[in-house]
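Given next, in structure tokens, is a single chain: the form predicted alone.
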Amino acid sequence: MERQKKRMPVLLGALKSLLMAPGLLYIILCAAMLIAIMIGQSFGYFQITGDSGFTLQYWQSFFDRQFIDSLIYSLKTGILSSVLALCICYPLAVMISKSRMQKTLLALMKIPMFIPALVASFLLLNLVDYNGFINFILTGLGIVKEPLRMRNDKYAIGVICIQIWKNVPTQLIIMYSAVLSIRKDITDAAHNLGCRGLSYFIEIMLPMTISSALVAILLVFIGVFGDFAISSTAGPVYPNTLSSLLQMKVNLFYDWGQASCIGVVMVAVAIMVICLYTYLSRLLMRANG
């Protein structure tokens, strides 16, 4: 009987692995094949038109000024959008967790998640446009003399505003759960010792929710870094995001080789960000004992 009890967890684990195997294999094999074809196309294989064969011409002519500017622009919008959205989510998560209308507020905050990115972009352009609502308020209050150019501006202010609005609900769900997971006795003990306000956030809340914050930043960064819809409607004419540059290479120039190079770089950046997240998570786990 004791041996059977010891074997039960092992058998259950094996059964769960067997049930998960078909889905995992499908995802892994499809991803591996797609990435392999993309890498092959960047070196001249699997060409849509023309002869296929090994060549470095796509990579040799790839790292030009346009690509560097697009890479910097994509990284900038991804980092700023994810970090600024998190700065909004922290106080929101705290306020909602203390409210009596938690379910209602959470439901309202989830509305942007159900609006397609392209629709959200066109809707929010009315806010950040030259004659939009924000400029109307700023000029009416006398804060600025002339309306600010936030749509198609070179600093991507409009794009970042739209991305924050679109991605705050995603981060809020994560951070709300993280804030609720802080035990009440820890909060009460901190308050009894005079740890309140900013000191409570820095010494108690931030260390206990930093792992969830990293997940929230990672999810939003990956989405914004590869965004096409919002940047193509509200972004500057130049530089483009890497996704827009990839679409341009394919649809305008039919250059599948360089488009594949862009795809390889985007996948490489995503992998590096995930590796950085894993490294930081391990450091936090060691620091927390």
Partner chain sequence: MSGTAIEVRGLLKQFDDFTAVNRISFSIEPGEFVTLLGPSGCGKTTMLRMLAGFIRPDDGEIYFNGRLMNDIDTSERNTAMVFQSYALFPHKSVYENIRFGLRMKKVPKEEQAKRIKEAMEMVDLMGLERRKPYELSGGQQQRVALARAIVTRPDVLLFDEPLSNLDAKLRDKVREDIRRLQRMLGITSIYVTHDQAEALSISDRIIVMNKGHMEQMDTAYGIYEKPDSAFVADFVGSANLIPGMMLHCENGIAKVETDIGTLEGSEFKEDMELDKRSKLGYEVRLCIRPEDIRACDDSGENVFRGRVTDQIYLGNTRDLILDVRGRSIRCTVRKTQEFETGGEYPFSVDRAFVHVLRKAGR
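Residue numbers count along the first chain shown, from 1. These figures come from a predicted structure and were not determined experimentally.
There is another form of this protein, the form predicted in complex with the partner chain, and it is not shown here; the text below is about that form.
*Asks:* Of the listed stretches (214-222, 142-150, 187-195, 116-124), which one has a non-hydrogen atom within 4.5 Å of the partner chain in the model of the complex?
*Replies:* That would be stretch 187-195.
*Asks:* Spell out, yes or no, whether the shortest heavy atom distance between Gln102 and the partner chain in the model of the complex is within 4.5 Å.
*Replies:* No - in the model of the complex, heavy atoms of Gln102 and the partner chain never come within 4.5 Å of each other.
*Asks:* Do Ser97 and the partner chain come within 4.5 Å of each other in the model of the complex, heavy atoms counted?
*Replies:* Judged by the heavy-atom cut-off of 4.5 Å, Ser97 is well away from the partner chain in the model of the complex.
*Asks:* With the partner left out of view, is Ile204 within 4.5 angstroms of the partner chain in the model of the complex by any non-hydrogen atom?
*Replies:* The answer is yes: Ile204 has a heavy atom within 4.5 Å of the partner chain.
*Asks:* My question is simply whether Met208 lines the interface with the partner chain in the model of the complex - judged by any non-hydrogen atom within 4.5 Å.
*Replies:* Yes, Met208 lies within 4.5 Å of the partner chain in the model of the complex.
*Asks:* Relative to the partner chain in the model of the complex, which residues of 103-140 have a heavy atom no more than 4.5 Å away?
*Replies:* Residues within 4.5 Å: none in this stretch.
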